[in-house]
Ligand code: SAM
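As a starting point, one isolated chain is supplied in structure tokens, in the form predicted on its own.
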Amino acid sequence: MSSQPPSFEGDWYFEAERDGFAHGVHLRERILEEQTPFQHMEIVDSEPLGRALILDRALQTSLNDEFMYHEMIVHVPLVTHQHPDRVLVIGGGDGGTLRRVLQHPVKEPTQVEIDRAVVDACKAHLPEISDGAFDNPRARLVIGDGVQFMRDNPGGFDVVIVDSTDPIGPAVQLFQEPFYRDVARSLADDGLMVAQSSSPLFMADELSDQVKQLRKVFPIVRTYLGIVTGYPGGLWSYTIGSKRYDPTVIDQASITSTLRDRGISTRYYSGAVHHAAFALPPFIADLVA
């Protein structure tokens, strides 16, 4: 570790978490600040992470670490499902999740994002994250409430990806049993869903409760981990609810072959990472037991 303490001169963005923990990045520039109809939005340029999106004072994604999050929330479920033809993304206004979904041979990718302002701001100031995904002719973007969309569109999806903010504000319902039942009803007989499930270090109660809600609905529920530099503590979790396919039983050679056949190049995800992500430390395994 460096022997030099950080300098707190100049402009910093700090995010305070529970248990007295805070983390921060030194800013080059504050690019945008706006109160949308749904949330407080900022886009900043930081020294360690590059440009970043902040919603309701919580950092969502940045140019330098977005691949860590988006590859794990997309490739794990889309490699697990044998034929992910119809994929639905709830949230994900920055476009990074949709971009990775489009790397797979998905026929009808649909994204439902509640806040048009987030999509527009990210297209203008963080275009590298979506990399043209919103303009792809295969993709369909719906500006609307993901909870209501699930109620109104039962049946037919192979994979549902819930790329939401933390369980505050407009995202609260996305972490509750009624929503998961609507998702299950919208899935095909062999369908599965994945949701970001927060920090196992600083949001342990939320993770534990989310897994409990999912187990009321799905016969197979698996939590896995990944590193995301800009998130509290660096360690993040995702949880799959599946009707048939178990992500822990796919062999590494099959994953490598699938990525190669689909022409997908990754920076974080791999067959080895897939299996390692489901190897939970005992304290986290106890949380989701």
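Just so it is clear, the structure is predicted and the values come from calculations on it, not from any experiment. Residue numbers here begin at 1 and follow the sequence given.
Form predicted together with ligand SAM: not shown, discussed below.
The candidate stretches are 22-30, 50-58, 217-225, 249-257, and the one lying within 4.5 Å of ligand SAM in the predicted complex by heavy atoms is 50-58. For Asp115, a non-hydrogen atom is located within 4.5 Å of ligand SAM in the predicted complex, even though that partner is not displayed. Though the partner is left out of this view, Gln213 does not reach within 4.5 Å of ligand SAM in the predicted complex, counting heavy atoms only. Looking at Asp85, you'd find every heavy atom of it more than 4.5 angstroms from ligand SAM in the predicted complex. Contact annotation for Gly191: none of its heavy atoms lies within 4.5 Å of ligand SAM in the predicted complex.
Think of it this way: in the predicted complex, ligand SAM has a heavy atom of just one of Ser208, Ser199, Gln103, Ser164 within 4.5 Å, and the residue is Ser164. Checking Ile90, Val183, Ala133, Val159 for any heavy atom within 4.5 Å of ligand SAM in the predicted complex turns up a single hit: Ile90. Of the residues in 116-146, those that come within 4.5 Å of ligand SAM in the predicted complex through at least one heavy atom are, in sequence order, Val118, Gly144, Asp145, Gly146.
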